[in-house]
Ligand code: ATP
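There is one chain below, alone, in C-alpha cells, taken in the form predicted on its own.
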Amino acid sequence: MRTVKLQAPAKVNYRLDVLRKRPDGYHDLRMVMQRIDLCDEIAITLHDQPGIQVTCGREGVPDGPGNIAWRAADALFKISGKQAGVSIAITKQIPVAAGLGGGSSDAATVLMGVNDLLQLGLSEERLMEIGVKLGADVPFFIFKKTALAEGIGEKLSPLDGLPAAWLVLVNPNVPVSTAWVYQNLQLTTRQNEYNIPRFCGSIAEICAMLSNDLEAVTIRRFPVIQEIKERLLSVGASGALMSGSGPTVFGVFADEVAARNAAAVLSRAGEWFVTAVKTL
C-alpha cells in the first residue's frame, strides 16, 4: 500500500460575469478565480484489491459514487486499465454547498493524486480535460494559478501580479444549490463584459473589480448575505462580495492583523462560520 496526503484549497471569485446562456444549457462566464489557504485534507491509499472507497463523514457529502471525488478516481482507473483500487479519506474544512469550490477542489486533488499513485504520467492539460467533465471548476484547481476563467470556466489564463490579500470568510450555514441560482438568474444585456483588468497591483484595485452577477439572485432568497456584507464593511473590510453562487461572503483586508481582528468580532455571535484566510 502507498498513501499520499494532499491539501485541496478553496477558492473565491473576485469577479463573476454571466455573459449568455449557451445552447447546451450551460452559461458562458467570465471570472477571476483566486485560491485561498482554507483546505480540505485528502488521504489517498493505493490497494492491490480493485475498488474505490470514499469516506468523509460530513452531512451532505455522500461517501460512494455520488461523491465527485469517487468519480474522479473512477475516471482515471478506467483510463489506466490497471487492476488496483484506492481508498480516499476526506477531512472537510471547507463548508459544503458554499460557493467556495470544495467539491471541485477535492476532485481535482484526487485526479492529481491518483495520477501520481498509478504513475500514469498524464499532463496537467489532460487532467484538466478529464476534470471539466466532472465539474466546471475542476480544471482551475489543477491549473494552480490565479486565473481569468472563461467559457463554462474551463478556458483559463493566468492573472499575474495580483497582490496577496487577507480575506475573512463568513458563511451563514445555509446550503445553496448552484443549479437553483442559475435557474433563477435573469440575464441582462451586458455593457462591461470586457473590462476585467489583466493586472491589479493593489488591494484597492482588487476591490474595484469585485462583482458577482449571481449575488442578487441568492440575496433575494437569503437576505442574510446582504447583512453579512454590511457587517464585513463595518469591521474594516475594503470590499465585500459573495463568492460563486453563495452563500459565503468574503471581505478583503490589507493585512493579517486586521483580518483576524475582524474575524474575531464576527465570530462572537456564534451563528456563522467565520475564518480569516490568505490568498495562495
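Numbers for residues come from their place in the sequence shown, where the first is 1. Quick caveat, the model's predicted, so the values are computed rather than measured.
The form predicted in complex with the ligand exists for this protein as well; it is not shown, and the discussion that follows is about that form.
Chemist: Which residue, V224, V217, L46, I68, is the contact with the ligand in the predicted complex, using a 4.5 Å heavy atom cutoff?
Modeler: It is I68.
Chemist: In the predicted complex, which of the listed residues (T146, N115, S87, T178) lies with a heavy atom within 4.5 Å of the ligand?
Modeler: By the 4.5 Å criterion, the partner-contacting residue is T178.
Chemist: Okay, which stretch from 251 to 259, 57 to 65, 230 to 238, 24 to 32 lines the ligand in the predicted complex, with non-hydrogen atoms inside 4.5 Å?
Modeler: In short, 57 to 65.
Chemist: I'd like to know whether S104 contacts the ligand in the predicted complex, with contact meaning heavy atoms within 4.5 angstroms.
Modeler: Within the cut-off, so yes.
Chemist: Hey, in the predicted complex, does L76 get a heavy atom within 4.5 angstroms of the ligand?
Modeler: No, L76 is distant from the partner.
Chemist: Going by a heavy atom distance of 4.5 Å, is A97 a contact of the ligand in the predicted complex?
Modeler: Yes, A97 lies within 4.5 Å of the ligand in the predicted complex.
Chemist: My question is simply whether S245 lines the interface with the ligand in the predicted complex - judged by any non-hydrogen atom within 4.5 Å.
Modeler: Because a heavy atom of S245 falls inside 4.5 Å of the ligand in the predicted complex, the answer is yes.
Chemist: Is every one of R15, K155 and D213 in contact with the ligand in the predicted complex, taking contact as a heavy atom within 4.5 Å?
Modeler: Verified in the predicted complex; spot residues all out of contact, no.
Chemist: Who in 1 to 36 is close to the ligand in the predicted complex, meaning a heavy atom within 4.5 Å?
Modeler: Heavy-atom contacts within 4.5 Å come from K11 alone.
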